[in-house]
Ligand SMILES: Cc1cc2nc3c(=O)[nH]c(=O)nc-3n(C[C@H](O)[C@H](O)[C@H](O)COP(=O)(O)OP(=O)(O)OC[C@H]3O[C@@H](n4cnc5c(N)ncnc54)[C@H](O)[C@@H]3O)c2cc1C
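Below, in structure tokens: the form predicted alone, a single chain.
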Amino acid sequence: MSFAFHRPDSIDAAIAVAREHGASARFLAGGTDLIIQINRRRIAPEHLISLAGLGLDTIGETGSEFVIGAMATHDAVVGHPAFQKQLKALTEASAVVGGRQVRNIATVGGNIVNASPAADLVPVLLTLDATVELRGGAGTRTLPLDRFLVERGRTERRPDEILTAVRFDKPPADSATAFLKAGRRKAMEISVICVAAHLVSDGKARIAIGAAASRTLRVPAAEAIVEKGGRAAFAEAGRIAARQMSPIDDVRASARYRRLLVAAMVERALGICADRIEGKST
């Protein structure tokens, strides 16, 4: 098949092209998923609009928050100095997104907009209460990531909107994050289950799970029991999380096995966070 390739010189110009061509146009970030879908004839866009060179590839911070540009690559996340302690889960998740060649091209924004239930970075961002910044013909708006995600392959993004950045507050010093992925290989493999956790020593807990439902999910009931019971409640939080998931049977794993993984991995991820806060592990 053939398509017209557009390389606009500004975000506004990219939005204008998208508005002109409507449903026949797609934005192109790293392309590691989009090109595969085109090659497999799952989609057939007539226009591809490149987002390269529009200044969306930076990772910055203010006094209170981090801002990851949508075109920042997973390799950039893995190596970012500010993500090596309390935000270790970001590096752990991005490090298993494909091989090194993929991580040099695949983008944070693409991982989010693709809305795969098995996306590795999304659970971590959910545990950080991240928000996404969208810019389109109607202006700029911000949505919580948890609201932005609808279900497999569907988000709240409008056709002419570009996801420009993801934002989240800087975590306190007495906090930790962890990410775990179960698959047939550590990388270059779709997750059978992936789990992210975020703990703060004052009791705040966040847990998110991927590949166990039609979208990546937070588990407020499991979070609440951890906030009430601390380390003694980690195993029960895993059991609660497993009961709330709706995994499928497929060639990678059965639904029953996925639930067992959820229970074990939630408990383990919370334990890693607790150990990191106490300085028992890195």
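Predicted, not measured: the structure shown is a model, and the values here were computed from it. One-based numbering along the sequence shown.
Separately, the form predicted together with this ligand exists; it is not shown, and the next lines address it.
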Revision key, fill the gap. Partner contact check in the predicted complex: of 169 to 177, 98 to 106, 199 to 207, 139 to 147, the stretch with a heavy atom within 4.5 Å of this ligand is 98 to 106
Practice item. Quick one: from 218, 26, 239, 215, grab the residue that has a heavy atom within 4.5 Å of this ligand in the predicted complex. Key: 26
Practice item. Tell me, out of 44, 36, 224, 255, which residue has a non-hydrogen atom within 4.5 angstroms of this ligand in the predicted complex. Key: 36
Practice item. Check whether residue 118 has any heavy atom within 4.5 Å of a heavy atom of this ligand in the predicted complex, and answer yes or no. Key: yes
Review point. Hey, in the predicted complex, does residue 114 get a heavy atom within 4.5 angstroms of this ligand?
Key: yes
Review point. Is residue 247 a contact residue for this ligand in the predicted complex, using a 4.5 Å heavy atom cut-off?
Key: no
Review point. Counting only non-hydrogen atoms and a 4.5 angstroms cut-off, does residue 88 reach this ligand in the predicted complex?
Key: no
Review point. Across 239 to 275, which residues bring a heavy atom to within 4.5 Å of this ligand in the predicted complex?
Key: none
